[in-house]
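Next up is one chain by itself, shown in structure tokens, the form predicted alone.
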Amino acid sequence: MIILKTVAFFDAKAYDRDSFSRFSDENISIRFFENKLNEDTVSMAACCDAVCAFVNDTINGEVIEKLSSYGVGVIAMRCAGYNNVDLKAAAGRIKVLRVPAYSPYAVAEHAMGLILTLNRKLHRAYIRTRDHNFSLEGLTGFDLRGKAVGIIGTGKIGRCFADVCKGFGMEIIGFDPYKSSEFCGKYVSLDGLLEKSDIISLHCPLTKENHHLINRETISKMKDGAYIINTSRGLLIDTAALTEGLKSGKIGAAGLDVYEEETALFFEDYSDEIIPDDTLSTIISMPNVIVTSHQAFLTREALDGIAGTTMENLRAYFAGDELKNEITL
């Protein structure tokens, strides 16, 4: 007899319900919760066999301890990153699975969209023409062809982004401790990349070693007026240092799909409230900054890829099969 398994699905949005419904399993029951997973909400997972979590859920030692006491055996991350999971606390107690790849094109294309919008001032032009202002003053950009783009992190997304840049005729350089033969650009040192790049795009996972990789020191090594694009993890950038660079003109523009203090804000609607984060309010107000709310992954193809792999991960766990996407220390 097949026993129905129950999954507590945290931080659920309408698009999650839609995509996961297309990959449903009659032996797996999903309980969708809008709340993020943290110390205060973990009790919602009581009587469940598994938890499905996302990038801004808090899965620290205390949460792991409570999940284990409830009998939860697996945490299925519906994303590639897992820096928000205390793997040491989970080791030997709860399996942690992830989605290593879904649509690298989605994130790569969003990064290029940020570059094009910032460079050609599309966001400003859109607002102007809606007010019947057809002036071109202040909207001058530059040709991307021939410009040097520095890609930090040349995994699947970084390589897809490099291919997009190649189509624009850009000079492609990269930095990654783990080089790939599939990268279409030239590898250089981190300092070499900072010094040469007209545009720097981050495509690396967050680790202890690269926390605040973009900081006052690394910014000082960049070209004057360089663009910074981050569609990876917010904590790769010291936002205070970035703000200083933007104010001084050292940084020409920034396109951010992630933010280091995004957990309490992103994915939610605060349009009728005053945001207490002064740093975020400051950078959003700058005309040469675009902040999107961690939406780079948000395409139909990516959502289906995430749902499909997550459900396959859960099926494998419940069936006792090999866990190809397990995260281990």
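Remember, predicted model here, so these are calculated numbers, not experimental data. Position 1 is the first residue in the sequence shown; the rest follow in order.
We do not show the form predicted in complex with a small molecule, though everything after this point is about it.
Listed residues Ile157, Leu114, Val72, Ile214 were compared with the small molecule in the predicted bound form; Ile157 is the one with a heavy atom within 4.5 Å. When you look in the predicted bound form, the only residue of Cys204, Ala76, Leu235, Val164 with a non-hydrogen atom within 4.5 Å of the small molecule is Cys204. The three marked residues, Phe23, Val51 and Ile94, fail to reach the small molecule in the predicted bound form, with no heavy atom of any inside 4.5 Å. With the partner omitted here, the stretch from 115-123, 86-94, 242-250, 173-181 that lies within 4.5 Å of the small molecule by heavy atoms in the predicted bound form is 173-181. In the predicted bound form, at least one heavy atom of Tyr102 sits within 4.5 Å of the small molecule. In the predicted bound form, the small molecule stays beyond 4.5 Å of every heavy atom belonging to Phe266. In the predicted bound form, the small molecule sits within 4.5 Å of a heavy atom belonging to Thr231. In the predicted bound form, the small molecule lies farther than 4.5 Å from every heavy atom of Ile290.
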